[in-house]
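Given next, in structure tokens, is a single chain: the form predicted alone.
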């Protein structure tokens, strides 16, 4: 058995180094423009195509929460904060609600953190209900459509289901008062109760300045074939090991921990960002939710994302050609991951690298401060603009009600 493993390691080593050397030899800094309508969508300018009215809410819904815990500015859910800041000075903002196409309610629902920096979602439904009650009482615009021309940023693990465990998120469902609104969220999975038709899927927040500070020369050889740093098991929340990541991460570890092609570990080195820039493939498996910041990091650092999350809906999928830049591996096929990746021709790897080198691709995944053309802020606005004009059917008749204000768990109905 040991001899067999040794022979296998030698074979993989030969394949690995031959592919790496070929990749070093052919490596180029040329970029490739995204072909077809996707490239045009990615480079759209939303200014002049929509107007957004930003509700002025009491500070307790946003700024006061952030003041209490500034860590919210750096965690992966921070898009809700930076989108608010962006809109306040954006050219699409209007101070006249009568001319607005969209209405935005700035509520920081993920900024209630544990000592370890993880968001607690338990107050979020009451906080969101309170904000909606406020705008529906003080302005007439919510009541015209019951939120159909409103959008909300909900970057929780499972969006507006407001829970970090999937089975409980499914049990809760999307907050009833948000059923008609457009939800801008990081969570995306086909045929899932926590994803409404018409939602806009966005990347999680990854700090642009921090990543910029770790850039290495683009000519640095990519000498790592497969790279991953992160949990394989979540013993604290899933002691039996089959629920977390639906077992996909555990399968990666069990099958490839001794494989010379795979540089995988639970350790998170200080050279993490640099290592991604030295890797050809970066694993982006699901965790508790299908998405993670690794997807952003892989694209920004030109490392081909290997997406292991069945039925995932990816950020800005109408503008970013994920099938062209990434590799999709079904969760059941994780044991064959080595064969799948070593079978990809060099020319296909190089083409994916050229597409990833396109600055527009990287820009679309980031929330920079200040905002820049074609960044994630503008991709969100593009998504909202493409949903215009609103169909006349979204406007309710006088006295007409569709939403049930008393629906949902009893705990959600308590005052916030």
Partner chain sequence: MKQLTALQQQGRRSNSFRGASSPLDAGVDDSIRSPTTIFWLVLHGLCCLISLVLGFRFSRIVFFLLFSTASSPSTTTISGATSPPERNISGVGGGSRVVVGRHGILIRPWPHPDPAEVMKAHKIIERVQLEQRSQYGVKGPRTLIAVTPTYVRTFQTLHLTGLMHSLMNVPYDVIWVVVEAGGHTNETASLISKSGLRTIHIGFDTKMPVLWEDRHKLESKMRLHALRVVREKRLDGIVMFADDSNMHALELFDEIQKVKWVGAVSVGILAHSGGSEEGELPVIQRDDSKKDDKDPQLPVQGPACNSSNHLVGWHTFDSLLFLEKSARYIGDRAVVLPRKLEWAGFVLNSRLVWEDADKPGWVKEFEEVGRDGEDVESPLSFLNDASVVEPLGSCGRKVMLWWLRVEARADSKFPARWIIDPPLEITVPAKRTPWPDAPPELPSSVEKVISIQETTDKRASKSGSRRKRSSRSKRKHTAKVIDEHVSTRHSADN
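As the structure is a computational prediction, the values presented were derived from the model and not from experiment. Positions refer to the first chain, counted from 1.
The same protein has a further form, the form predicted in complex with its partner chain, not shown here; the description that follows concerns it.
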- Message: Within 4.5 Å of its partner chain in the predicted bound form - does that hold for a heavy atom of every one of 104, 274 and 369?
- Response: no
- Counting only non-hydrogen atoms, choose the one of 160-168, 143-151, 84-92, 174-182 that falls within 4.5 Å of its partner chain in the predicted bound form. 160-168
- Query: Contact between residue 293 and its partner chain in the predicted bound form at 4.5 Å, heavy atoms?
  - Reply: yes
- Task: Check whether residue 80 has any heavy atom within 4.5 Å of a heavy atom of its partner chain in the predicted bound form, and answer yes or no.
- Result: no
- Might residue 120 be said to contact its partner chain in the predicted bound form, defining contact as any heavy atom within 4.5 Å? yes
- Message: Can you work out whether residue 384 and its partner chain are in contact in the predicted bound form, taking contact to mean some heavy atom pair no more than 4.5 Å apart?
- Response: no
- Could you check which residue among 131, 195, 280, 306 gets a heavy atom within 4.5 Å of its partner chain in the predicted bound form? 280
- Identify which of 324, 311, 263, 318 has a heavy atom within 4.5 Å of its partner chain in the predicted bound form; exactly one of them does. 311
- Residues within 4.5 Å of its partner chain in the predicted bound form, restricted to 257-290 and counted by heavy atom: 258, 259, 260, 261, 268, 272, 280, 288, 289
